[in-house]
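Before any questions on how it binds or moves, here is one chain, the form predicted on its own, in C-alpha cells.
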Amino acid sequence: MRDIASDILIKGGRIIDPAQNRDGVGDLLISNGIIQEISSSITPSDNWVQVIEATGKVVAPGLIDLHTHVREPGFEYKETIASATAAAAYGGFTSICCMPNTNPVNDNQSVTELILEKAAKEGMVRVLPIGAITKASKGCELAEMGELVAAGCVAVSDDGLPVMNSQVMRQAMSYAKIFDIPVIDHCEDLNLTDNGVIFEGDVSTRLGLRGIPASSESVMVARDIALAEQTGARVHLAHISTAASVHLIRDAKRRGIPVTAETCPHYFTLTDEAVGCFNANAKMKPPLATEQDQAEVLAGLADGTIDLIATDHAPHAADEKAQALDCAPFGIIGLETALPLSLELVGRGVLTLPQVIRKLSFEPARVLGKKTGVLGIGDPADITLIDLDTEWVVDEQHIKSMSKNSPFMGRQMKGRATAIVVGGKLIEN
C-alpha cells in the first residue's frame, strides 16, 4: 500500500451497502482512514482531499475472503504473503483469512505472530490468520486455542485435512465456544475418499480414474451439524459442493443449529466435465460435481442456505500441476477471478447485485463475528470499487498470484475491481 493524502472523496458512485439497505448514487468521504460522511453530494473542504471519480462504478464494502491458502511460511515457491495479498487486491479483496496448512502449521503463537509481522511489512491487504484445530493438523491433539486467539487468530480450522476423530472435533467445538470463534471444517471422510481423484460419476468412469463419492462430503457435514447441535458452537462448513450437503445444511438452519456455510465460484460455474481432458487445473477437493449438484448449490445461494462465497485460493507450482492427473495436487487459485464469476450470478438471475456483494463482504465478517463488511460512518475505510462493464480475458497478465493453476485461463470475464481502499490507503488496479 502506498501513502496518500489523509482525505479521500469518492464521488458519484453507486454506493451499495447491503447490511444497511443502502443502494444509491452518492459521495463518500474518508478522513484519517475512517468513513466520515456519505451523502448525495459532498464538496471537498480543502485542496488536500484526493478526489476519486466513481461515476458508473459500484462503491461496495471491502470484499473479504474467508478461505485463502497463502502458503507462507514454508511453501514460498507456490505463494507468499506479498504475492497473495497482491492477488487479493487485484481481485477486489481488502481482507483475506489465511488457512493454517503452512510449514510449520499455524498451531501456535509464534507462527501466528510471524504471519502478522510479514503481513504488516509486505501485505497489500489485511491478513487475518486462522489457527489449526489440532497440533500439526494431525487430528489427534487440540492446539492451544487460547494462545492462538490471543496471538490474533480469528477462527480455527485444519483445512486441507478433515478432523476425522469425532471426539476431538466435539472438544474443539466446546473450546471454540468458550473463545467465541467459529470452527471452520473441511468436510471430507478420508475413508470414503480412498485415494479418489475426481468426482465419482460418469466422468470418472470414462477417464478410468478412482472417484470421490458425494457422500465423502455429506457424511462429514452431517457429523458436524450433529456436533454443533450438541455443543452450541458456531460451525462454518467450507467449500460446499454437493446437493446432499445443501439439503443437510438447509434442514439444520430450519432447526436453529448455529451452522453457516460457504461455496466457491468454481462449484457454481463448472462441473466435473471440466476435468474431461485430464485437466489438472480443474482438480480440486472437494471435486467438481454434476449439474444436479451445481443446481442445488445455486439454490442454496439463492435461499440463504449457503451464506457466503469464498475463493479457496490454493496455489500450486506449474510443475506440480503438470503431472498426471492422479498425481497432481488438489486445488486452484481464485482471488483474481472470484468477483467476476460471482457477478455472473446476477446475469443468471440467481442473486441480485446487492446479494452478491453481501455474500462477499458482510457475510464473511458476520461468520467471524467482526463488525466489518459495511460502509458505516466511523468505520474503518475498507472499500472496493467495481466496474461492472469492463470485459477482460483471464491470462497471466491478470494473475498476480505466483502460481497460475486456474481452470478459467482464456475465459471471457465481465466486471472487475478498479481499486480498493484498505484503512484509508488507496490501491488502484
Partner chain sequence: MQLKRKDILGIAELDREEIDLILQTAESFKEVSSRAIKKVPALRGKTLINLFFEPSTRTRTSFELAGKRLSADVINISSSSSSTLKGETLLDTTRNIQAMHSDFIVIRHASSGVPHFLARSVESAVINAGDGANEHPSQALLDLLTIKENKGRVKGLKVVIIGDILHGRVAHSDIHVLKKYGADVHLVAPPTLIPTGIERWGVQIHYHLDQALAGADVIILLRLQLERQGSSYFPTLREYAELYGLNARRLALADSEALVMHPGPINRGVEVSSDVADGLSSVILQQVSNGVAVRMALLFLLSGGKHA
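Numbering follows the first chain given and starts at 1. Please read these numbers as outputs of a predicted model, since none were measured by experiment.
Not pictured, yet referred to below: the form predicted together with the partner chain.
Proximity of Glu262, Ala295 and Val346 to the partner chain in the predicted complex is absent: no residue of the three has a non-hydrogen atom within 4.5 angstroms. None of Glu72, Glu200, Asp189, Asp272 but one reaches within 4.5 angstroms of the partner chain in the predicted complex through a heavy atom, and that residue is Glu200. Put simply, of Leu209, Val219, Ala238, Ala82 only one has a heavy atom within 4.5 Å of the partner chain in the predicted complex, and it is Leu209. In plain terms, the part of the chain that comes close to the partner chain in the predicted complex, with a heavy atom within 4.5 Å, is 318-326 out of 318-326, 224-232, 295-303, 135-143. Within 4.5 Å of some heavy atom of the partner chain in the predicted complex lies at least one heavy atom of Cys277. In the predicted complex, the partner chain sits beyond 4.5 Å of every heavy atom of Glu147.
In the predicted complex, at least one heavy atom of Asp194 sits within 4.5 Å of a heavy atom of the partner chain. Residue contact with the partner chain in the predicted complex: Thr205 places a heavy atom within 4.5 Å of it.
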